[in-house]
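Next up: a single chain in structure tokens, the form predicted alone.
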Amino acid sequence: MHTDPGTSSSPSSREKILDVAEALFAAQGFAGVSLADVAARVGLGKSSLFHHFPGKVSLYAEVSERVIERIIQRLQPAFEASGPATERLDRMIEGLCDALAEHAPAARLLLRSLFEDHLFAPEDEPTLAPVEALVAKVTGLAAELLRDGIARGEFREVSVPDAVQTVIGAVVYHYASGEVGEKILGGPIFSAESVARRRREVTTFIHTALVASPAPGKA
């Protein structure tokens, strides 16, 4: 029998629920997880879980919001800086790598979310709207950084939406790839050495594709 701590809304209990739910949603998807699963893993009675979250959609939405907010927090220094766009781009890539490397389930949860829209009913849209707003915020800020680099002549004239997709995809897929990625790499994805290498590789790759060549005589 699970110990039910009652209906107190202590931050530690709520954070534990979110941690467990993030790992479960990442591993099994929205459809594969029940509130009973989460309650059992946390060690709560189901009634206590309902005190924190009225339903699975609200729990999923808050888990997703927390993941994206962590990413935004890591990327904020790049978006708020006023230096060269190339340096800000590097900081953005490093921040995205670090945010996903620090929380192993996050990338897989983000990747799964792309294929789970059909699982939600129209009445779920208000609950999920803050998640969509955060996604729009982070992709919009990334696009603004790239447009600024193009305007400054630091970046080539490229399709900004495609470039945003490329940067995000190069990082999110990598950290979501699990055993497949580890077989390709021949080692762990989340080791300090692997994370540092991924930052370097993505930065170099994006530089090669995006940074404008210096004009003759200015190299």
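We number the residues from 1 along the sequence you see. Quick caveat: nothing in here was measured; it's all calculated off a predicted structure.
Below, we refer to the form predicted in complex with the DNA, which is not included among the displayed structures.
Visitor: May I ask whether A196, R199 and T203 all come within 4.5 angstroms of the DNA in the predicted complex, judged by heavy atoms?
Guide: Per the other structure, none of A196, R199 and T203 touch the DNA.
Visitor: When the contact criterion is heavy atoms within 4.5 Å, does F50 count as touching the DNA in the predicted complex?
Guide: Yes.
Visitor: Report whether the minimum heavy atom distance between G55 and the DNA in the predicted complex is within 4.5 Å.
Guide: Because a heavy atom of G55 falls inside 4.5 Å of the DNA in the predicted complex, the answer is yes.
Visitor: Can you check whether S34 is within 4.5 Å of the DNA in the predicted complex, heavy atom basis?
Guide: Contact with the DNA, yes.
Visitor: Any of the heavy atoms of V167 lying within 4.5 Å of the DNA in the predicted complex?
Guide: Contact check for V167: no, nothing within 4.5 Å of the DNA in the predicted complex.
Visitor: Tell me, out of I68, A61, I189, L44, which residue has a non-hydrogen atom within 4.5 angstroms of the DNA in the predicted complex.
Guide: Result of the distance check: L44.
Visitor: Considering the DNA in the predicted complex, find the one stretch among 152-160, 181-189, 168-176, 26-34 with heavy atoms no farther than 4.5 Å from it.
Guide: Going by heavy atoms within 4.5 Å, the stretch is 26-34.
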